[in-house]
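Starting off, we have a lone chain in the form predicted alone, written out as structure tokens.
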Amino acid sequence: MSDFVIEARNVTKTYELGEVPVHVLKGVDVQIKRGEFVSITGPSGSGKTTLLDVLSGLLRPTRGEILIDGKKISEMDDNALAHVRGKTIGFVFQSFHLINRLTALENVMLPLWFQGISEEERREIAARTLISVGLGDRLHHRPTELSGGQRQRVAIARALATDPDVIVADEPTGNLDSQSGATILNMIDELNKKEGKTILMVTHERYVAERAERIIHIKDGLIQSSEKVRKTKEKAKGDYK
């Protein structure tokens, strides 16, 4: 088994907008160790979300290789890629991406359906996972009946339902107030420290990025630096800022 759960080797991503190619990633090499907490940061338009999407298999690179769990996903068909992604990675997005007509329980059950798990077991796993994120009293509420922080906790529960090795979070506190944001970041910290989940998080906020062990800086589609984070006592206590 590889020491790295995700690897990128000389990855490029180019979009064709009319006759003009837009080079978003320009030869990127990244290695994410198992159990590591890594933040990706950079200015708007730097390519950080595209990098996150390519690393997690949501987007295919134009050139180069992406390996997840040592498997070259660039060589897989869509079904095989979806299977690897579904087993290995849980996704948390800034805009939650919950289905409003479904309850919190049903939203968390959804990824389990794709794995062919029985309805009874899906319901049991979803309820247990929602309880673990403090939403045991909100199982049958729909997203429109929940606060922003509660909706993000549903999204985290959905990401955790399949027990993935990696949690990928794209601006997970971007739509939240400071108190809710602190709760979500503390929850992500615990997933890393207590449960050993690998965390890969995009943020444009320095104080959020510093919750990680390592910060990857990207600018103009190129990795500018990869730096270890020195933890202060305040950050160790889980302060939001």
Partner chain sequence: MSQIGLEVFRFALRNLTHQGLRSYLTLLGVVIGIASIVTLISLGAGLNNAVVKQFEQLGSNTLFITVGAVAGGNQESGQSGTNLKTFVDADVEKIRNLPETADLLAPVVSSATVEFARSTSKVAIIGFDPAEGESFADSGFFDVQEGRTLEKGDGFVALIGSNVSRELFDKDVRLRDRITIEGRSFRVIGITKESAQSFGGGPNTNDTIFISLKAFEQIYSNADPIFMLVRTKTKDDVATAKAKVERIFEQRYGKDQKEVVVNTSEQILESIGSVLGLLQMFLAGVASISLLVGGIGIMNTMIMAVLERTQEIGVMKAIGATTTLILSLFLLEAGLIGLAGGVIGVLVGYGLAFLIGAIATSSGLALDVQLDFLLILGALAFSMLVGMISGLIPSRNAANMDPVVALRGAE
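All values reported here derive from a predicted model rather than from experimental measurement. Numbering follows the first chain given and starts at 1.
Unshown form predicted in complex with the partner chain; subsequent notes refer to it.
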**OP:** Could you tell me which of 67-75, 106-114, 144-152, 127-135 sits within 4.5 Å of the partner chain in the model of the complex, going by non-hydrogen atoms?
**Re:** 106-114
**OP:** Evaluate L58 for contact with the partner chain in the model of the complex, applying a 4.5 angstroms cut-off between non-hydrogen atoms, and reply yes or no.
**Re:** yes
Original post:
So, in the model of the complex, is L102 in contact with the partner chain at a 4.5 angstroms heavy atom limit?
Top reply: yes
Original post:
Do D53 and the partner chain share at least one heavy atom pair within 4.5 Å in the model of the complex?
Top reply: yes
Original post:
Does at least one non-hydrogen atom of G86 fall within 4.5 angstroms of the partner chain in the model of the complex?
Top reply: yes
**OP:** Please state whether all three residues N79, F93 and H97 have a non-hydrogen atom within 4.5 angstroms of the partner chain in the model of the complex.
**Re:** yes
